[in-house]
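For reference, the chain that follows is the form predicted on its own, supplied as structure tokens.
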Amino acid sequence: MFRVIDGILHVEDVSVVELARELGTPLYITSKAKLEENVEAYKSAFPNAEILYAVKANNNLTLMRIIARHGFGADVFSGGELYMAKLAGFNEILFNGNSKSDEEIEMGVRAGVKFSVDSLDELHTVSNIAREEGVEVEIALRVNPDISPKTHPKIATGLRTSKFGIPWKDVIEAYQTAMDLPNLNPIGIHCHIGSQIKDFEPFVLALNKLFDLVLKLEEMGLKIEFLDLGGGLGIDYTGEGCPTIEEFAKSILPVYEERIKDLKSMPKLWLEPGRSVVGNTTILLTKVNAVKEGYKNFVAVDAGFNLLIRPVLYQAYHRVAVANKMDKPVEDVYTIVGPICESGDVLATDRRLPKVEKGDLIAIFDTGAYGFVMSSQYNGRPRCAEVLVDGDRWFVIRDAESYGDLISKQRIPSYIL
């Protein structure tokens, strides 16, 4: 989906140089074909599972609608994500999150979605609101399995020290409370151990712990309809290789199929992929404003951590290339930095590249997950446009912001005017 023609990087059949000329930079560019390839890979690898797209990874409505039309459900983490998921056309929706407001819970109850309940306080709140609305709400409890996912600490969510999930020692009591409260129907179990995980062992451990829990819940009279293993499968940011969706399935499904034999119920396997659906579909295209020889060879570009915060927040590695010189030999080592007034605004450190000059285009790969969705207007920088490429056609799927957008929600009190 990303290829080189006459030394120019193309997304499918569209030249990124032409896109930059038409739309300016910075620019997020997504391949529709790559997105659909990833979606179909999940459907093929897990034909009997319920697959919920993790909206937090990328909430562009066009991309979400493509995913929804392929039969995915949605995992949402806020009222805003629920609103967007409904607009995108998702049918099955699980409302996740460790700190839902009463207003968000009311919104979810009225929308008829399932809830992943993260605490006893939330359990009581959902019950109260469901009773007031006169409906029964289907829920899972999010459990904290106390499993290390072997990933960056900031994206490890299944550790005992994590803010997410009901502590393992309290889970049985929490399910009993859910059974006793009115207007609740506890039918699922949910866990999520982290993100950018490339070792399957933690997933297997988590799945086995969920099955152990189901056995105990069945003794209490509960019929569990789904086991939600969450998401977190990693992608290949470095070019050194990464386990595939198919390999993930081969490690998980035999465990699921063997353990389910011991149950009275037949819970369906649920998954919540995000990064592995959208991460490698997209590049961030940015223009070189200046090249400066200092402590390093600094390449100053027009995108910074206002548009891609992962390198700063997680020390994340993204491959980069000079998009208009893909056929040129390596000449030097460069560090790519953004325009933000922070010393930490570094997108890529010590990369071997062809000679970089003012006006060149730098492509930052694998930015489809936690890219634009985590962007900001810091330093008074309007956010860039997003583009979808479909073969030899391209479509703007989010307009670039203007300076007016920086102040569109601000108000000046009348006495200051």
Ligand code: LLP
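Treat the numbers as computed from the prediction; the structure is a model and nothing was measured. So that there is no doubt, residue numbering starts at 1 and follows the sequence shown.
Omitted from view is the form predicted together with the named molecule, to which the following refers.
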Between N280, N306, Q196, N324, only one gets a heavy atom within 4.5 angstroms of the named molecule in the predicted complex; which residue is that? Q196
Quick check on this chain: which one of I66, V356, M374, A49 has a heavy atom within 4.5 Å of the named molecule in the predicted complex? M374
Contact stretch among 52-60, 345-353, 378-386, 30-38 - heavy atom within 4.5 Å of the named molecule in the predicted complex: 52-60
Although the partner isn't part of this model, could you tell me whether L233 comes within 4.5 Å of the named molecule in the predicted complex, counting any heavy atom of the residue? yes
Verify the contact flag for F298: yes if a non-hydrogen atom of it lies within 4.5 Å of a non-hydrogen atom of the named molecule in the predicted complex, no if not. no
Can any non-hydrogen atom of F200 be found within 4.5 angstroms of the named molecule in the predicted complex? no
Is F211 close enough to the named molecule in the predicted complex to count, meaning some heavy atom within 4.5 Å? no
Residues in 79-112 that come within 4.5 Å of the named molecule in the predicted complex by at least one heavy atom, in order, are N96
